[in-house]
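The chain that follows stands alone, in the form predicted on its own, written as structure tokens.
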């Protein structure tokens, strides 16, 4: 896209208006309403008390989260401070071998979420002349609320290159397909899809990283990494901060996300049902993954009025531009001075709000990310967006299409990674994740 000139408050003209005058199209946003992203935060194991010269006690982290249950953990749990996400490809070619892989990964995940080392001898109790079973960087650390969630991509069922290698083609849910290329997508080769995903979330970055690292060691030659991403959220030490977190654009975000304590809403919008067509998914959910790069230099150079118009909310307190407070229901019919709508019809708020998309909702579970600068020196930062929903086509894809066409935010973002996964129900001791599909 050609570089446009900066906008200053003196001109009182938006970058959007300049782009429109020049006949330039905006890059597309998806259903990634930035509703679950949180402010930059960092955790520390031990903070120094410089006044007294003594170490302060560590910040509290979440208690252990049960691995076993009807649904997998890591969906309805509040997003913690850190994410390690991996999309992997399996190299095995038979269903028994795939079952063996999932059994081993399940057993490993159950131990990891209980802050136990993997394997029979762990990191330090094996023979001195043999490589340890556990890598050891989580020794002495608590579980930090670790959750590990597995999902199956469409290519595990069938693909053009590998066919129906596991005999699962007739079990593939109708809506589990790689997403179409949406308007404005700039997907990076190698960061699309995956046979299996591992989502590890914890209040400690080292605990989350240890989990994915050791699960891949358990997999060994049976799987290889296709792509990964680390993410961060508000630090556990900031638990006394109760305001809605702000995203990397500086706006409060998460105002209108689903309440996971609302059982009726979760049943309607998140949890898959036996009657939906894929009986083995009963109690599971479907995961949409999109990496959204934020063009922060362009955004930071835009005037405050422009930023608020794009999002449809005030930057100070997050209230809709139609008035009220952060949690006031937006009034999309209200007019501002001059007769224009107070909330622009193509603002992010207007297009993403259930009032304007047939009542469809999704459960957002997103993290900020900050990668190394790209080859041109531009910052690669933004939102690693994940959402859980009962029906990918009816919910996520429908929202993505609507937003990709006209969302004002598209000028300031690029979608660079994309994947869809069926997240099967949970399991009980002695069982394994995916048993309802593979057994």
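Numbering follows the first chain given and starts at 1. Computed from a prediction, not measured in an experiment: that's the story for all the values here.
What comes next is about the form predicted together with protoporphyrin IX containing FE, which does not appear here.
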Interface residue in the predicted bound form among 255, 71, 158, 302, criterion: non-hydrogen atom within 4.5 angstroms of protoporphyrin IX containing FE: 255
State the residue from 349, 112, 88, 200 whose non-hydrogen atoms include one within 4.5 Å of protoporphyrin IX containing FE in the predicted bound form. 349
Is residue 277 close enough to touch protoporphyrin IX containing FE in the predicted bound form, meaning at least one heavy atom pair within 4.5 Å? no
Is there a heavy atom of residue 165 no more than 4.5 Å from a heavy atom of protoporphyrin IX containing FE in the predicted bound form? no
Contact label in the predicted bound form: residue 148 to protoporphyrin IX containing FE, heavy atom within 4.5 Å: no
Just checking whether residue 365 would be counted as a contact of protoporphyrin IX containing FE in the predicted bound form - the rule being heavy atoms within 4.5 angstroms. no
Looking at 266-274, 242-250, 88-96, 121-129, which one sits within 4.5 Å of protoporphyrin IX containing FE in the predicted bound form if you count heavy atoms only? 242-250
Using the arrangement in the predicted bound form, list in sequence order the residues of 304-342 with any heavy atom within 4.5 angstroms of protoporphyrin IX containing FE. 311, 313
